[in-house]
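There is one chain below, alone, in structure tokens, taken in the form predicted alone.
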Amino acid sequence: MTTTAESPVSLTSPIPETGLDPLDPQFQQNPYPFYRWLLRHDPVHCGSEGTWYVTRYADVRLVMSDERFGCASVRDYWEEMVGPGALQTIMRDTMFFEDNPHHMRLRKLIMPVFSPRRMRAMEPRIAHVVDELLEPLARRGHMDVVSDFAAPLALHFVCELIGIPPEGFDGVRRWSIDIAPTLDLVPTKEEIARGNQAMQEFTDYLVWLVEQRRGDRRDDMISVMLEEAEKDQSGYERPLIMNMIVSTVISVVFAGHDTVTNQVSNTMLALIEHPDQHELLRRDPGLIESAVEESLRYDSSVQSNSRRVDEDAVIGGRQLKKGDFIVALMGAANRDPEVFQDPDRFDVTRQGVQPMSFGAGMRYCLGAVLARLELRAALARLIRLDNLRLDCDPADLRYQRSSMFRSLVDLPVTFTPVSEYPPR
């Protein structure tokens, strides 16, 4: 849609002459001024090291859904970067590094586990776990939203769907923290070493768990994949083997755990920074659904996704060559003034929001329904906490070093302790 006119934009660019660098500390802390300038002055931008960045909503949707922009060729670059080891051995089979037809085969295999009907049937359980986690925190009057609440909430449900028992949750959280930096195309040598060790430990655990499940089938993702692996697969060019099961499980952990953890935390920070919007939600909880969509748009936990150009293409008048790297900046697309009126304003009453946060096309996030349900259940309780505020100087908030994710290291908050739970 066409929006109303905005205030004049400064012609001073925050982008250095060498081009956008997502690891610039200023960009890491707050990428939105960079997005704002790019959207209005250089929407298809050639950044540092010749990487292309697209920012407009329509262009991001194109890159995310058009098969001219592939993931399999990104794997080759990533494998060379991390070198030999468990990371390379396991993640070469992840569906995140696959193009069709193999990507769609793996996706269809696990789709029933994430069916909208099954997800909605989990609503009472999600509300129960939210209360189980939040009640002791609400009574004490302070918490770290990231580690005390958001991370255990997200971890619980992704592990439950996969088939990982509660006694394995702590290990999954520890391994995922060590592996995460290596999947971001910017790891240090030290991060690669920790990631390889964590990947090996995680793999050993999952292989053991899959073997246990052979004689104890359940209604979970491991059982679904195990049954497929045991079928006659002579018609497939690539039979489903243990490595594919393990890599798919690990991929789903990252897609469903870290992203939800970060989105709950980012949403709460947005509400703390906009007390008028927090008060609107308190007065009218019916706005929670629109508040979730607005939070996904305003400060998405997933900021970008990388592709490689598999055939020459023109976007926004710029010529891209086969082999070029291209990054779809979903965080920028969610602030596109051609799609969202007054895009830098956080407004929980905004209607018709369709954020790019879960991707587009064949790679649209399978866990989108579950993520929204978790966010709604979390908000329904958290907004009732009185006098909710940061327990640190806003300037001291830190973000994980990442080119893909917007991820707070921690989010310490205080509020009036409750004597009765749930808070009213």
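Position 1 is the first residue in the sequence shown; the rest follow in order. What you see is a predicted model, and the numbers here were worked out from it, not measured in a lab.
Although it is not shown, the form predicted in complex with protoporphyrin IX containing FE is what the next lines describe.
**Student:** So protoporphyrin IX containing FE isn't shown here. In the predicted bound form, which residue out of 260, 183, 348, 309 has a non-hydrogen atom within 4.5 Å of it?
**Tutor:** None of the other options qualify; the answer is 260.
**Student:** If the cut-off is 4.5 angstroms on heavy atoms, which of these, 388, 62, 380, 365, is the one near protoporphyrin IX containing FE in the predicted bound form?
**Tutor:** Comparing distances to protoporphyrin IX containing FE in the predicted bound form, the residue within 4.5 Å is 365.
**Student:** Can you tell me if residue 103 lies within 4.5 angstroms of protoporphyrin IX containing FE in the predicted bound form, counting non-hydrogen atoms only?
**Tutor:** Looking in the predicted bound form, residue contacts with protoporphyrin IX containing FE include residue 103, since a heavy atom lies within 4.5 Å.
**Student:** May I ask you to state whether residue 256 is within 4.5 Å of protoporphyrin IX containing FE in the predicted bound form, using heavy atom distances?
**Tutor:** Looking in the predicted bound form, residue contacts with protoporphyrin IX containing FE include residue 256, since a heavy atom lies within 4.5 Å.
**Student:** With a 4.5 Å heavy atom cut-off, would you call residue 358 a contact of protoporphyrin IX containing FE in the predicted bound form?
**Tutor:** So residue 358 counts as contacting protoporphyrin IX containing FE.
**Student:** Considering non-hydrogen atoms and a 4.5 Å limit, does protoporphyrin IX containing FE approach residue 325 in the predicted bound form?
**Tutor:** No - in the predicted bound form, heavy atoms of residue 325 and protoporphyrin IX containing FE never come within 4.5 Å of each other.
**Student:** Among 81-89, 164-172, 300-308, 128-136, mark the stretch whose residues have heavy atoms within 4.5 Å of protoporphyrin IX containing FE in the predicted bound form.
**Tutor:** Among the listed stretches, the partner-contacting one is 300-308.
**Student:** Which residues within 145-159 place at least one heavy atom within 4.5 Å of protoporphyrin IX containing FE in the predicted bound form?
**Tutor:** Just 158.
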